[in-house]
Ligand SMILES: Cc1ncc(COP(=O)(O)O)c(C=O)c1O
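Just the one chain here, the form predicted on its own, laid out as structure tokens.
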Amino acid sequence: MAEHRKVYLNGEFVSEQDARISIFDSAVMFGDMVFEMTRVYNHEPFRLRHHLERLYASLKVTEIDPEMSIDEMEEATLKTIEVNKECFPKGLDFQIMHNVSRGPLPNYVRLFPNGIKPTVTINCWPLIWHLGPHAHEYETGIHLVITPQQSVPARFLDPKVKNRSRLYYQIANLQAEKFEKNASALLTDENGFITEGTGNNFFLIKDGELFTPEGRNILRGVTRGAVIELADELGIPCHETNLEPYDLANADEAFITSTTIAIMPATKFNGMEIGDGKVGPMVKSLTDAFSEMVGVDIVAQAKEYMEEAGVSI
């Protein structure tokens, strides 16, 4: 089905294979692009407006004008979903990716007779390959590793702006893999406080309470916000505060959150067990509550996708 999926590219719908941006685009030259990824549950976008509001906040900070209002971007997003609906049968959920750059650099204007405009893309992609390979980790937990590569301080490149300048994330991923295959990188700031993973937010649990890094040097995740709200509804105290590796080493439980995986337990840290080394009761409780909120058993869905991951879609 891949050849039938369409991508919104600067006001037009083109096939995935034909969705291209110029090598002279500012995104390629500088990593000068902001983005958002939203996912659907039962084909319903989860907190799409939250994601779009964060996208437009990033656009404001980076001074990129998409030449579209947020309402027009939302309309284009819903149209992209509609155009691709036949590609996603019932039970097959997908992610929605927005990418926006300021377009080709002015130095190369001669190559663009119609003038330089921002680059705006919206695409839908099956979640099978994002979730399937990680299905077993909902039961075993992941291994978090503090990497030598640290977060970039907000005074240099604000992580609250979701941008494509992410080389430091990739370096951290490579460092974590050298520690142990499939380990997940966990970054710290220049003061040694835990910040975030490479595309996910971090939580730990101690004595029945929830702790997460304050929103200073992190991407303030939409799923992170949803979990904080859930904790409040469940009567679980939640603290946004500075956390050190020491705190994680002595935690009872830990987990990460992201758009695709929702809530993923962590059971090891730098080679040590977290708590008893098993997925704990609070993580299970939050996972169940999240599943109920979105109307999808996120663990069962991942297991289903694990079986289908080898299928060509």
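Don't overthink the numbering: it's just position in the shown sequence, from 1. This structure is a prediction, so every number in the text was calculated from the model and none was measured.
The protein also exists as the form predicted in complex with the named molecule; that form is not presented, and the subsequent description refers to it.
- Query: If contact means any heavy atom within 4.5 Å, which of 138 to 146, 84 to 92, 122 to 130, 159 to 167 contacts the named molecule in the model of the complex?
  - Reply: Contact-bearing stretch, as computed: 159 to 167.
- Does Q150 reach the named molecule in the model of the complex, with heavy atoms at most 4.5 Å apart? So Q150 does not count as contacting the named molecule.
- Message: At 4.5 Å between heavy atoms, is T257 in contact with the named molecule in the model of the complex?
- Response: T257: contacts the named molecule in the model of the complex.
- Message: Even though the partner isn't displayed, in the model of the complex is P213 close enough to the named molecule, meaning a heavy atom within 4.5 Å?
- Response: P213 lies outside the contact set for the named molecule.
- Message: Whether R102 contacts the named molecule in the model of the complex should be assessed with a 4.5 Å heavy atom distance threshold; does it?
- Response: No, R102 is distant from the partner.
- Task: Residue by residue through 266 to 285, tell me which have a non-hydrogen atom within 4.5 angstroms of the named molecule in the model of the complex.
- Result: Result: empty, none.
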